[in-house]
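Here you get one chain, nothing else, as structure tokens; it is the form predicted on its own.
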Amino acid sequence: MKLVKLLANLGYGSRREIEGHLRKGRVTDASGRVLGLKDFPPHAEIRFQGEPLDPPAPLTLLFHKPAGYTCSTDDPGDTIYDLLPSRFALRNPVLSPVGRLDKDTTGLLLMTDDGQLLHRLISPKHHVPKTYQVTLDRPLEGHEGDLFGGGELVLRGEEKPLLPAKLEVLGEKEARLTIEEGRYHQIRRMFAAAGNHVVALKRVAIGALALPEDLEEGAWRVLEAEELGLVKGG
């Protein structure tokens, strides 16, 4: 792969823009030597405006999504890409959210350009659990655990029952719910079926990977290899 194509695939600009950056001396190696079109040192040695390059594909980010942002550039208003370096939205292959969180839902969101990983984590047949912390409008009544765990709950407008889900009561109006699929507004609709209303929803874990306590809302970092194992169950 040529240097221009590499930088373009990482989102640093179009190929024409990258050629301009090269002419202006903005791409160097680690020693500060200006690189040209025919140069191609190891990835780790390349610098763009003095900074190391983002990791190549496959790349997976761990992101703490705040409320008020959607997960798709097709939606109007603020998106999660507004909180990331602008080049991340231009990477090829594309960096996509692993299962969308709706605008008002916060918490753990993975973003990846690894198509196989994306499919594994969102496909119900792989049974990757996702755990949410739920705040409700009214007190729990005690029947919700059996309703959600029985594997017979059918949401309004659907015909196929939900997979069994695990409910952990944390307080009068607080609970944790672990599901193995991701239907449209699933948790909100589940509690609506139980006669309640979700007022706050936060994803706190995917697989065995918990949302880090020190990762503030809107912050992100590259997912470590051992963390990827927690997500995949390997």
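Start at 1 with the first residue shown and count on from there. All of these numbers come straight from a predicted model, not from anything done at the bench.
Not on display, but discussed next: the form predicted in complex with a small molecule.
Undergrad: Should residue 102 be counted as a contact of the small molecule in the predicted bound form, where contact means heavy atoms within 4.5 Å?
TA: Within the cut-off, so yes.
Undergrad: Does the 4.5 Å heavy atom contact test between residue 88 and the small molecule in the predicted bound form come out positive?
TA: Answer no; every heavy atom of residue 88 is more than 4.5 Å from the small molecule in the predicted bound form.
Undergrad: In the predicted bound form, does residue 175 have a heavy atom within 4.5 Å of the small molecule?
TA: Outside the cut-off, so no.
Undergrad: Given that the small molecule is not shown alongside this chain, does residue 28 nevertheless sit within 4.5 Å of it in the predicted bound form, heavy atom to heavy atom?
TA: Because no heavy atom of residue 28 falls inside 4.5 Å of the small molecule in the predicted bound form, the answer is no.
Undergrad: Which of 186-194, 28-36, 205-213, 165-173 has heavy atoms within 4.5 Å of the small molecule in the predicted bound form?
TA: Looking at the partner contacts, the answer comes out as 186-194.
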